[in-house]
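The data below hold one chain only, encoded as structure tokens and taken in the form predicted on its own.
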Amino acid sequence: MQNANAPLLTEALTQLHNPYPIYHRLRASDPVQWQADMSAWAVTSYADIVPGLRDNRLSAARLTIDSAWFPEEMRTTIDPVVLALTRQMLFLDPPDHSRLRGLVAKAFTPRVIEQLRGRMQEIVDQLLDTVQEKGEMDLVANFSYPLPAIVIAELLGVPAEDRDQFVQWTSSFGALLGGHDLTVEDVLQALLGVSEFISYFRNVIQQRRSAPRDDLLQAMIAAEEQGDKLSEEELLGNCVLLLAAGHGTTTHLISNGMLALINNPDQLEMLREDPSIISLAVLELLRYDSPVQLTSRTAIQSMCIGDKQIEEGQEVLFCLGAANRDPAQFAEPDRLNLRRQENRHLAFGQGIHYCLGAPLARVEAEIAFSTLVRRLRSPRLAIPETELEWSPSLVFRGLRSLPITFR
């Protein structure tokens, strides 16, 4: 039965300062409930989300943008963008998903990532060297944004000095993923931003055809040139995905995590005194305030989730942020516990769409947090927490800035 009177998921996702109490209300009232304002089912329990994300009756091919709504003169620009976006791994089912993921997975294996540790540490130290003597910084602008941006740019093989251009483009891409309430004008502006993103990669790829290099982008170009492995739309769309997803969510992980540590000084001090717990600590920071709060699927046949009948064609919203605070799975879920042992969080998703860049994000975060707590003594917020600005997204949870002081 559809529960139209239940607390709305939109309410939780727009309570940017702290959505978690509303997630608890949603789960307690009904862990699978219809959200009339979003025309979708909201799933908030860990026990329902894990099998749901593995269920092949739920399709990831959920990005639908009808260009007929846009002015005719814009369609020649917009249609290729829409086509490229729909060929991203994020929105594909097998066998296309399996084929594309296999082409790029070798760049994100633990062995490859481990080889990057030295370079990541070098970048972290350079970024902190520039602010250490000042005793203050905006953690987002000065650290958590440039670190993953430089790393993923170098991994892909695009100039790190171009990273400032990626800010607006990544924001445009995130807007398309992030909300149900976008107007036609909002969608058009976001698509035009992504169009510039794609044009950038088209130019870089053209340069690479005459001057090849040994990196992930060159490997993807080689696959495209073989024809049967990667189309031009798939090449362009997944370049955008890798660059945008490769730094945006890691930025949020580092800034959300640092705010959590500042608000829990006992945990921060414990990590400083025992750096050997860093792997557990990163898992807990991912669980505690997940950079990705929501992912969706579309039912391709009628099915049940919990005791609810999901009809073919209906959208299902899996609330990862709610699952990661589910008391049925995590003891004292609202308490930050950097020594938490049982921590099968869902911050990276589950199933075949489990985040490809998870090994990279974990190692970046381990190096970042280890160095931050070692080098920054007594970090504190420079402004009241109520004045912090959060990105207005239904999918991604992250701070726009995090001004801190330190010794």
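Residue indices: 1-based, along the sequence shown. These figures come from a predicted structure and were not determined experimentally.
Note that the form predicted in complex with protoporphyrin IX containing FE isn't included here; everything after this is about it.
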Residue stretch of 266 to 274, 100 to 108, 79 to 87, 223 to 231 approaching protoporphyrin IX containing FE in the predicted bound form, non-hydrogen atom distance within 4.5 Å: 100 to 108
Partner proximity in the predicted bound form: Ala368 to protoporphyrin IX containing FE, non-hydrogen atom cutoff 4.5 Å: no
Partner contact for His353 in the predicted bound form: protoporphyrin IX containing FE, 4.5 angstroms, heavy atom: yes
Contact of Ala347 with protoporphyrin IX containing FE in the predicted bound form (heavy atom, 4.5 Å): yes
Partner proximity in the predicted bound form: Ser195 to protoporphyrin IX containing FE, non-hydrogen atom cutoff 4.5 Å: no
Heavy atom within 4.5 Å of protoporphyrin IX containing FE in the predicted bound form - residue from Ala322, Leu236, Leu147, Leu253: Leu253
In the predicted bound form, the residue from Leu127, Leu176, Leu241, Leu217 that sits within 4.5 Å of protoporphyrin IX containing FE by heavy atoms: Leu241
Triplet Gly246, Pro291 and Thr295 all within 4.5 Å of protoporphyrin IX containing FE in the predicted bound form via a heavy atom: yes
Sequence-ordered residues of 9 to 40 touching protoporphyrin IX containing FE in the predicted bound form, heavy atom within 4.5 Å: none
